[in-house]
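Coming up is one lone chain in structure tokens, specifically the form predicted alone.
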Amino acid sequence: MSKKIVILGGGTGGLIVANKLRKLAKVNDVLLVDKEKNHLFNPSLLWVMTGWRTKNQIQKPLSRLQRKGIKFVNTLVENIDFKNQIIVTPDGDMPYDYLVIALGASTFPERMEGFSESAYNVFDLVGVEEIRDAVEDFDKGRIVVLVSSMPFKCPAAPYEAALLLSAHFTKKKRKNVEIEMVTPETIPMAVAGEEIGNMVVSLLQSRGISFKPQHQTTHIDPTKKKITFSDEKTLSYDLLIGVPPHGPPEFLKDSPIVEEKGWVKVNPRTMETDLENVYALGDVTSIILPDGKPLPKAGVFAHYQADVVAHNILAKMKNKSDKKEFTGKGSCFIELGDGRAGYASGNFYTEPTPKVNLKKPSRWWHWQKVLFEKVWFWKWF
């Protein structure tokens, strides 16, 4: 009997699950649902900011998946009726037998007073294009790269943004530009350990970028161009580049598969939720590590988790018991802007703390990221 497999989200995880399950499309319905028409390759967003890429170079139409037998439905998910196994959308209800939730973390600039009116959003395609244009003629003043709240996706991104901007102004010989990196974190990428965090701080300091940790923003005044923190101290800026507040999709609130903060609870190994045949992966999930810290929200984890979910759905449909497990491994590039990149990799499930190493920045790692981008679009589209 034909089964309906619905994948919510066309980001990293959803795209891979859809591709891995396409062999089922001959006898089953495999649907990928996304409110956007295009898959955006988020690791290249900052390359749009620097002018190294255009917006068209870092996205592909999700409709191209239909050539592989994967049905693409471009619509908004309004709700999920888990009891009756139905996805509710403005274009009609969609039943499912197997459900994969890969919706990522949503951004909510409006949840921080003054953010939308003041800051360029570094996690938004329009935002990075605006940053690109804004820095072109910026020759004097203070640029603040601000992490407004925790958690946020891609833990290295704001630090990369600061380093890339520093390299840009160095190349332009604009010596009167000051860059400050402000975050509520104690150190960059704290979950990866003090060694990694301190190395990132050293990279910032070597570029003359001021690092201000443990600064929790309460609101931003766009008229006075001033950020106010929880200790009532303030910081002025001339140009503000920000990481907006993040959160789970609002329609999941009060659903039977979420924890108290609204993120989806999963088995950290199999990515199964508390409901039969419902899986979740990537940034929309909450996984607590052995040291009590949350697994970072990063595309690399969604990638490996997608392999696990696809394998386990295939196995279950074939009545096989060979479950695959997510091991906790992950990695990321850290762009420096001068043709070099660092590369951090390790296992976040090790006890008592994650074991992560950072490779010395080099041109090799930068070109590995360039190659990864090209292979990504070739392989999945």
Ligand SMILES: Cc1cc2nc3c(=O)[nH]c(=O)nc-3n(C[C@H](O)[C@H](O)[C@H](O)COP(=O)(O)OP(=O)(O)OC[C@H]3O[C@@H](n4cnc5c(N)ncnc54)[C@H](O)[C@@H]3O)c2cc1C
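Heads up: residue numbers just count along the shown sequence, starting at 1. This is a predicted model, so every value here is computed, not measured.
The form predicted in complex with the named molecule is left out here; the points below concern that form.
Visitor: Do K35 and the named molecule share at least one heavy atom pair within 4.5 Å in the predicted complex?
Guide: Looking in the predicted complex, residue contacts with the named molecule include K35, since a heavy atom lies within 4.5 Å.
Visitor: Is there any non-hydrogen atom of G299 lying within 4.5 Å of the named molecule in the predicted complex?
Guide: Although the named molecule is absent here, G299 would touch it in the predicted complex, with heavy atoms inside 4.5 Å.
Visitor: Is there a heavy atom of A167 no more than 4.5 Å from a heavy atom of the named molecule in the predicted complex?
Guide: Close contact is absent here: in the predicted complex, A167 is far from the named molecule, nothing within 4.5 Å, heavy atoms only.
Visitor: Can any non-hydrogen atom of N42 be found within 4.5 angstroms of the named molecule in the predicted complex?
Guide: Yes, N42 is a contact residue.
Visitor: Can you pick out, from T75, Q216, S116, S210, the residue that has a heavy atom within 4.5 Å of the named molecule in the predicted complex?
Guide: Checked against the cut-off, the match is T75.
Visitor: Which residue among M189, V122, L204, M94 has a heavy atom within 4.5 angstroms of the named molecule in the predicted complex?
Guide: Result of the distance check: V122.
Visitor: Where does the named molecule sit in the predicted complex: which of 307-315, 225-233, 189-197, 277-285, heavy atoms within 4.5 Å?
Guide: This holds for exactly one stretch, 277-285.
Visitor: At 4.5 Å, heavy atom to heavy atom, what parts of 130-162 sit next to the named molecule in the predicted complex? List them in sequence order, or say none.
Guide: K153, C154, A157 sit within 4.5 Å of the partner.
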